[in-house]
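First, one chain by itself: the form predicted alone, in structure tokens.
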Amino acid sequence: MKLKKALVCGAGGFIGSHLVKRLKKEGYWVRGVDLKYPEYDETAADDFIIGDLRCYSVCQRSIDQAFDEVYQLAADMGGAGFVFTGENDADIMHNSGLINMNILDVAWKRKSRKVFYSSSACMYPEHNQMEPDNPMTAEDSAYPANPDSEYGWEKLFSERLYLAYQRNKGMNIRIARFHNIFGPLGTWDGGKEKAPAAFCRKVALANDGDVIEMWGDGKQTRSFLYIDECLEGIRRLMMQDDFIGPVNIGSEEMVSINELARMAMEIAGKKLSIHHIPGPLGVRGRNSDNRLIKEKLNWEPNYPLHKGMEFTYRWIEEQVKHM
């Protein structure tokens, strides 16, 4: 039986490094490519190219053969402090757009036809996410388009780019819209971390009775998906014969940011106060709508947020000890 070969772009990042491990467990030969190796763990890839995918020649070196599957997760991204300040818009749009155009063009020329693209829930219209208790993120609600950030606009453009390559050039595309993926081995400091990691860090560093800061009133809502469930969704989508997507890969367990912070405190066994301060927030409410994934993949994520937060907190607690 021929050994399947996969390429993971963005293999030095959080989701990409976990995906490499998953593919290795399934028996794939895996090449990773990224600007850097994974930050907190050794890569499990058989081959790893350090290179900038904005450079066309790096894409040519990475896709030097017909891979059975290409996973495109490389992007310039981060949490609210990176995406919503407006200071990084040009880099986000230029860098991620260029990577996607390069990868698609080279994959097509090298006959690596099956490509997964990781989009984001940030591409959904802002006007459908103004109510924290009743956001709309059904896949068909994407248009008329009105994302709340340039990051979301770039994701929307890239989705259309991938679908155009499917229509015009015979590519076999799969697209998922991720909803706040978190877990161990993810960025937890430095400004690009997302809310679960940020609160785990703040709580781990605090002593009983301390005050931690939070942007906004904390009543904005989100759902957060544990990394293992994300990987399961990716693999199930790639194994589908006739469903392209885009499809949400996220949890329907919606919580307020205040509740998320209190969950981290409860796991740590600490009594802390929250000081609400101005800061970048994004939309008021966002939650995954899982009707389509249930229909098409006969599956949906159901891993409890509290359980994922426990694993994440314990890992970040260890990192904090070694700062």
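Only a predicted model underlies this, so the values are computations on that prediction, with no experimental measurement involved. We number the residues from 1 along the sequence you see.
Not on display, but discussed next: the form predicted in complex with a small molecule.
Heavy atoms of G16 reach within 4.5 Å of the small molecule in the model of the complex, making it an interface residue. Under a 4.5 angstroms non-hydrogen atom cutoff, the small molecule in the model of the complex has L35 among its neighbouring residues. Among heavy atoms of M136, none comes within 4.5 Å of the small molecule in the model of the complex. The small molecule is not drawn, but in the model of the complex it has a heavy atom within 4.5 Å of L73. Contact check at 4.5 Å (heavy atoms) against the small molecule in the model of the complex: none of I175, S251 and R284 pass. Note that among 27-35, 251-259, 290-298, 63-71, the stretch whose heavy atoms approach the small molecule to within 4.5 Å in the model of the complex is 27-35. Screening L237, L156, I99, A204 for any heavy atom within 4.5 Å of the small molecule in the model of the complex leaves a single hit, I99.
S120 is the sole member of S112, T221, S149, S120 with a non-hydrogen atom lying within 4.5 angstroms of the small molecule in the model of the complex.
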